[in-house]
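Let's start with one chain on its own, the form predicted alone, as structure tokens.
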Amino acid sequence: MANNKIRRPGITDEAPWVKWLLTGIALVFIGLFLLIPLVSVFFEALRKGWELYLAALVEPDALSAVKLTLVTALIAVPLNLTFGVAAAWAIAKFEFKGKSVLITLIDLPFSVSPVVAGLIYVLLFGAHGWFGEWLGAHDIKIIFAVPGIVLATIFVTFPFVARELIPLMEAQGSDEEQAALVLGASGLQTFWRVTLPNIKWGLLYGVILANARAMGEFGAVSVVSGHIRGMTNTIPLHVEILYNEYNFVGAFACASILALLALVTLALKSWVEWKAERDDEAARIAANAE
């Protein structure tokens, strides 16, 4: 009798011990390099009790670092969201000269060290930089001030939204947008009623990643901040200062905020992926029913 058993994708004929060996190796690496360091952060933060932990979090310099981190993310992420949607729409829906150059520039922050990115802004806007004399004459401060931190954060988070949307929009094509335009919809109506619903999960995914990177960025921000306590220190910079001062409880307490952010980001990322897969499955079922 012919064997009519349907094989599921991804199933192999490897021996069971191979599966368990590979799974075991993966779990060991996850435990050693992810779980143990994450647990140790919370352990060290709480080792001397809740009172000292909470006192470290409500200390004025810590609150200032949290506030600056949130303000930076609230400025950088929406700007990159706007650019990412515009760039992805242009690249995926239109053909124009310089398209490959634009794609390359979007990927530039992935290949440039964050420290180098910070030095670029120092070269441009520092006291001895290209525009430093003019900025000084007009009493405009960018380096060692909040604007420099925002600019550096925008640079390092630049690709996340665009890179999530470009392949998604390219895969979807432009048939639905063209149909909407033929039926009399304006460009803005087409975006809100056709394009945005199709890319919403990819857009949210990119925003989550950009926000996590914005709040956790160290290298570029460290170069342009000046490390002024209570003024230009974000959470990662504040953690470094406390650790160098041997204030381990304070350092790990503030680090636990970043660890919690990582966990929340992971949870949101998993939820977005689950919702996207669920919507895709519902769309396939609806298409098959027709």
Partner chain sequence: MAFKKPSVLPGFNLSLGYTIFYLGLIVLVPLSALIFKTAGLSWADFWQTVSNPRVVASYRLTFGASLIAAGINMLFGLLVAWVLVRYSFPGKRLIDAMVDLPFALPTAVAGIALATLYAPNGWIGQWLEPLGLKVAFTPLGVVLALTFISLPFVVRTVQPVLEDMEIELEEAASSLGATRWQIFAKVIFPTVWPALLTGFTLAFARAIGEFGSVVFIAGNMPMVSEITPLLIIAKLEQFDYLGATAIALVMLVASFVLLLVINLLQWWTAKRLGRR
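Residue numbers count along the first chain shown, from 1. What you see is a predicted model, and the numbers here were worked out from it, not measured in a lab. Throughout, rigid core stands for the largest set of C-alpha atoms superposing within 1.5 Å between the two forms.
Here the subject shifts to the form predicted in complex with the partner chain, a form of this protein not shown in this document.
None of the heavy atoms of A45 is located within 4.5 Å of the partner chain in the model of the complex.
In the model of the complex, V194 stays away from the partner chain, with no heavy atom inside 4.5 Å.
Taking non-hydrogen atoms only, I30 approaches the partner chain to within 4.5 angstroms in the model of the complex. Contact annotation: A56 falls outside 4.5 Å of the partner chain in the model of the complex, judged by heavy atom distances. Taking a 4.5 Å heavy atom cutoff to the partner chain in the model of the complex, the contacting residues in 100-123 are S100, V101, L102, I103, T104, L105, I106, D107, L108, P109, F110, S111, V112, S113, P114, V115, V116, L119, I120, Y121, L123. Core-aligned CA deviation for L181 between this form and the one not shown: 2 Å or greater. Comparing the forms between this form and the one not shown, the C-alpha position of A86 differs by less than 2 angstroms, with the core used for superposition.
W192 shows a C-alpha shift below 2 Å between this form and the one not shown [criterion: core-superposed Cα displacement of 2 Å]. In the model of the complex, the separation between the C-alpha atoms of T265 and S113 grows by 3 Å or more relative to the displayed form. In the model of the complex, the CA atoms of E277 and A90 move farther apart by at least 3 angstroms compared with the shown structure.
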